[in-house]
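Encoded as structure tokens, the following chain is the form predicted on its own, with no partner shown.
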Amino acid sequence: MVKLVKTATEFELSPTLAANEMVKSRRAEGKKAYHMGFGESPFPVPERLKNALKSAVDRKEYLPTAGLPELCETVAAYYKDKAGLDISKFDVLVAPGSKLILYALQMAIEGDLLMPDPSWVSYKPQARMLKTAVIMVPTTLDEKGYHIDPEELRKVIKQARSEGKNPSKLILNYPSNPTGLTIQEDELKALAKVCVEEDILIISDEIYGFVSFDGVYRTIAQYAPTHTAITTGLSKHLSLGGWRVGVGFIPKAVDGLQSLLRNIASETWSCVPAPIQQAVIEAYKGHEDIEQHIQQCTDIHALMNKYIAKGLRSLDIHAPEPQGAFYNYPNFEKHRAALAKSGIKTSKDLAGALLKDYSLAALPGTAFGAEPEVLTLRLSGCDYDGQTALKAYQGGAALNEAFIEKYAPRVKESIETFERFIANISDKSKAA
């Protein structure tokens, strides 16, 4: 009998993709569904990039595994200008999405993974596919951001080593999926110090770096350039997820790492399609129209997700105001007793009840590393027609609640759905 690899059978379809497919299926059947389960930026492809792709369509050759040289040079110059990155300390790697760079880095660095709780859904499955242990690092979420205490991180590292584990790499993501919160500069500096002293490689997932609502691009690499690999791409700030363009900045100080990643790439993805690489050079040239597009999309993301947080807080749900990305990560702890009387005791129960009884898709906290009994959900604020909303904003429409009512009605209706949900469970609790 043909047997499947045991670690591979631990995993289901990525929860984000599963939620997306479920909502599409329901809507295809004519059923109402509110989609807060999938964080796909809804905005259109800028005209400049459409035209660039049309012009590059005849390119059909294999390109260098690390990426088209002109693209790598343009990307490096862009991050030097926009993020203040010392590009002399990094090599550039281009891949079909940042997810593959994250996986390749986990594969290339020997040892176990340190992963904050909560973290994005794919970090842990990737580690387990590689038969790597995952060591959880506690966090605190509040109005000031996403916090990892540096001394607590050091304590986790030392404890893991005392247990015979080999913590060697830490994944950070800021602004964060699932929380919509970021790590402030002073905390990044303190975390960098611990990682350098403990010889931990930081895998800095900066895919939402240009979707920071205060306009500040943060990178821990400026504090630990010898111990930081950056992964990023175009899927979030330019809504180009389906183009599959990921970019890595690989520290030259880690001898042989770029070479090993190129070798891994040569045996897996070979290269990103030539027309795509040629076209996205224009995304990194700093054109005024592209930069304005990024800012306008970020402004709308901020409006939607802050509105969601405000609506949840009005229902006595813990929901810190987002600082970037497209997400909220509310905690329903204050409603635990009422939820329990309705049979809802875990985050999966919570997400299941919302889907079954209210046609609202959300992801349970367990998908992001939380323990089952922690009553958290990941909510995405992208369920609207981005092209129409962007055109209205460009035409002078003010970003306020009236804008949401007109251009993002399902976002408003989602909060109204939560109002009904909380009212219903409260009534059931009182009647019990």
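Numbers follow the displayed sequence, beginning with 1. All figures in this text were calculated on a predicted structure; none of them were measured in a lab.
Heads up, the form predicted in complex with a small molecule isn't pictured, but that's what we're talking about next.
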| property | result |
| --- | --- |
| Position in contact with the small molecule when the complex is considered in the predicted bound form, options 301, 236, 169, 293, heavy atoms within 4.5 Å | 236 |
| The unique member of 251, 273, 320, 97 whose heavy atoms fall within 4.5 Å of the small molecule in the predicted bound form | 97 |
| Segment that reaches the small molecule in the predicted bound form - one of 216-224, 86-94, 158-166, 118-126, heavy atoms within 4.5 Å | 118-126 |
| Residues 102, 177 and 205 all lining the small molecule in the predicted bound form, heavy atom within 4.5 Å | yes |
| Contact test in the predicted bound form: residue 244 vs the small molecule, heavy atoms, 4.5 Å | yes |
| Contact of residue 173 with the small molecule in the predicted bound form (heavy atom, 4.5 Å) | yes |
